[in-house]
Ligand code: MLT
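Given next, in structure tokens, is a single chain: the form predicted alone.
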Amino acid sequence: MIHIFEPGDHPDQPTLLLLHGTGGTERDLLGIGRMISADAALLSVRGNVLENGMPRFFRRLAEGVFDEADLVFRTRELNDFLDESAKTYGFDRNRVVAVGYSNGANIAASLLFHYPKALRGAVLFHPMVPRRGIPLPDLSGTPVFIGAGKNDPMCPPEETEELNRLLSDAGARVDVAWSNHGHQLTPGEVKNAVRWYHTHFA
């Protein structure tokens, strides 16, 4: 997968896995990654799927309707890439924290839904429920931050509340930070995520 890896200054810090939104690239979240942690290694990945020329992490059938078969395949592909990258770059595979926005948050949530040890934690900006009707792995103690907009037309509050419930029922420690905005990623959300990260990992 096309990616950027920036080594960290402190090996005891988690590696931040940065996952862009639809139409983004591996450069989109580098600044936010550094705001969250100045010392962590950054692994920023570009999605392998193109939708009208725009990179994504998995296909969708329509807006808000995921291609579940492709989602499962791409989630496994990303998980395998993390395994390979840990060997290549020498970071601790058991200490990866995802930071994803929109489509990137959805694939990060899918990692949580499908692989119990894929992520040590996750920052999910405007995620949706990746799949329904499947048993989740044991996520006991896994911290998850969700940044959500009360006026988000793509991820209405009910979607956020359902994702919170599913993750919490699997044992994750979920913190939801609401804003009055829509689907855009706001500076206030990032500041909340920085505070959350330093509470759990710094």
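Numbering starts at 1 and runs along the sequence shown. Fair warning: this is a prediction, and the values are worked out from it, not measured in the lab.
Below: the form predicted together with this ligand, not depicted.
In summary, the region of this chain contacting this ligand in the predicted complex, judged by heavy atoms within 4.5 Å and restricted to 52-60, 139-147, 32-40, 161-169, corresponds to 52-60. Although the partner is absent here, residue 154 lies within 4.5 Å of this ligand in the predicted complex, judged by heavy atoms.
The shortest heavy atom separation between residue 106 and this ligand in the predicted complex is within 4.5 Å. For the chain shown alone, residue 179 is not a contact residue for this ligand in the predicted complex, no non-hydrogen atom being within 4.5 angstroms. At a distance threshold of 4.5 angstroms between non-hydrogen atoms, residue 186 is out of contact with this ligand in the predicted complex. Taking a 4.5 Å heavy atom cutoff to this ligand in the predicted complex, the one contacting residue in 1-38 is 22.
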